[in-house]
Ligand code: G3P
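Here's a solo chain for you in structure tokens, the form predicted on its own.
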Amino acid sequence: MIIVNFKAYRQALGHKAEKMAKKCREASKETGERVIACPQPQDIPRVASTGTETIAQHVSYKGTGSNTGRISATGIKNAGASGTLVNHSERRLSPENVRKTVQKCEDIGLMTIVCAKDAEEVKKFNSYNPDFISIEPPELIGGQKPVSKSKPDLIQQAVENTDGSTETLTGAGIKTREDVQKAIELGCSGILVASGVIKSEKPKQKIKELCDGL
């Protein structure tokens, strides 16, 4: 599984988000691998309309009602998302709010991918029963050093700390097929990627290359 995080990159906003989503869908069909698009909340409907599996970058555990400015879990589900990231390093939450968010999403049928900065967080978040936990050292995100090669021991410890009850993903600096292969060898089920795809001159080919490593 590959999750392509669009973040707020100009290459994947508005109508460009729709184009990027189509590349994700095409790469998925051509490789037979699961490729998920993760756009900005305002772009979820247009991305989901392409038939690409779509998740949100963040949601609030707060329910419907008087919650101005919150990203409603129910709202993003109605918009076409099937899940969400939780606690990405660029949108950190307290452990208690991670727990509440995972529970809210479970209650309404949204998949959760909880991001953790280290193995200890993996162990804590595993007790909240998310669908996936992604180990992502913040210092490597957006950099040139892939976590799968820079910190293989961290990934192995993260996998062990899920006790096999939650699937483990990883992200941060992953840009090549070899980076993905190493992550899979270490016990991960897939990866999160952002700039390596979104900033590529040929995003579809880059996604296919990464899929070859699964």
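Start at 1 with the first residue shown and count on from there. Everything quoted here is computed from the prediction, not taken from an experiment.
There is another form of the same protein, the form predicted in complex with the ligand; it is not shown, and what comes next is about it.
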Location of the ligand contact in the predicted bound form, chosen stretch of 26-34, 39-47, 66-74, 172-180 [non-hydrogen atom, 4.5 Å]:
172-180
Is Gly142 close enough to the ligand in the predicted bound form to count, meaning some heavy atom within 4.5 Å?
yes
I'd like to check something about Ser195: if you look in the predicted bound form, is any of its heavy atoms closer than or equal to 4.5 Å to a heavy atom of the ligand?
yes
Can Lys104 be called a contact residue for the ligand in the predicted bound form at 4.5 Å between heavy atoms?
no
Does the 4.5 Å heavy atom contact test between His88 and the ligand in the predicted bound form come out positive?
yes
